[in-house]
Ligand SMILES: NC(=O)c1ccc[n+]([C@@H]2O[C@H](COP(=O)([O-])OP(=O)(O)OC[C@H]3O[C@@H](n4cnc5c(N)ncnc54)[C@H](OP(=O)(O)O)[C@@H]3O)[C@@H](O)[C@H]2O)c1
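One chain comes next, on its own, written as structure tokens: the form predicted on its own.
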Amino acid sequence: MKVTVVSRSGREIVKGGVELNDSATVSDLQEAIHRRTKKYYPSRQRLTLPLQSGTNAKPIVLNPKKTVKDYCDGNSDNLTVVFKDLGPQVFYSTLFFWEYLGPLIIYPIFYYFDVYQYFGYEGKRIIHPVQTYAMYYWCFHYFKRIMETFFVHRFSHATSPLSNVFRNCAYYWSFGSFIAYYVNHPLYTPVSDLQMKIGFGIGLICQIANFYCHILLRNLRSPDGNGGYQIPRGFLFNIVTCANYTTEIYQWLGFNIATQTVAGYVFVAVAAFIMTNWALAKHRRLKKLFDGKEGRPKYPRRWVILPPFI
């Protein structure tokens, strides 16, 4: 069979089309496009069916695991697909590693080295116990995130646009520097011993809970990342749709109760806003997929991310 590959403007991407056997999968088609174009490796390709003119529906994205013939409508010998270049890609594990490595390295620099002399401070620096515990807490969190990236998480998509590396690193590295500067500052005033213990206690409990949430999410997917959308169950997921985001927010809230800086609370507010938007989108998607119709299970009534508010 012959597959014609065109851009959204109608320009032919592969001159003369691609010849495939009748049992070829979409993945085989992507490999064939790669061989003919060199530049567009499979993870960089997005293939969809052409839209009828005048329709506002979303295009159907071709599933790499399905056969090409599955998308032929009455004509098994010819198919036209629309190609989109997703741009340079990196593995999600690479993306997460670099965004988490920055804060893990930057924070101890402010703790161990006399960097404040470069900001005009020349007085003697006294390190308070809370600053030491905060440094351990911070490093434990980001080391945990890196280990989860390589040994726990299973990604539904193997790659992410390269541009996301620069965007995410800018976010995590700048906030890491911002918080580290104020928590480790020579003029930092520590909270009471009781408040410090309460804050770090809440934070550590939430860190452990967050890890368990990631284990539960991991088990929803097969080792190759397949499994589609499923209803998460067990532990806090019986109450909250995005329990992993809930515990992430509360663990940083605990950190900020213990350290009490404006920079830290700004970070919590921004992170909570971003994760709330993700959680609302996921909650809507799960409710739509599991609507209780045609034999599908009905999504149970749950909080989205921050009970009792959202």
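In case it trips you up, residue 1 is the first one in the sequence shown, and so on. Computed from a predicted structure; not experimentally measured.
Keep in mind that the form predicted together with the ligand is not shown, yet the notes after this line are about it.
> Name the single residue among Val266, Met275, Leu253, Leu49 that comes within 4.5 Å of the ligand in the model of the complex, judging by heavy atoms.
In short, Met275.
> Which one of His128, His185, His153, Lys197 is close to the ligand in the model of the complex, taking close to mean a heavy atom within 4.5 Å?
Only one listed residue qualifies here, and that residue is His153.
> Does the ligand come within 4.5 Å of any heavy atom of Asn210 in the model of the complex?
Close contact exists here: in the model of the complex, Asn210 approaches the ligand to within 4.5 Å, heavy atoms only.
> Using a 4.5 Å heavy atom cut-off, state whether Lys282 contacts the ligand in the model of the complex.
The answer is yes: Lys282 has a heavy atom within 4.5 Å of the ligand.
> Would you please decide whether Trp138 lies within 4.5 angstroms of the ligand in the model of the complex, comparing each non-hydrogen atom pair?
Because no heavy atom of Trp138 falls inside 4.5 Å of the ligand in the model of the complex, the answer is no.
> Is it the case that Arg167, even though its partner is missing from this view, gets within 4.5 Å of the ligand in the model of the complex, heavy atoms only?
Answer no; every heavy atom of Arg167 is more than 4.5 Å from the ligand in the model of the complex.
> At 4.5 Å by heavy atoms, is each residue in His157, Tyr171 and Arg221 next to the ligand in the model of the complex?
Yes, the whole trio is in contact, each within 4.5 Å by some heavy atom.
> Please identify, from 244-252, 25-33, 257-265, 57-65, the stretch that has a heavy atom within 4.5 Å of the ligand in the model of the complex.
Comparing against the ligand in the model of the complex, the contact stretch is 244-252.
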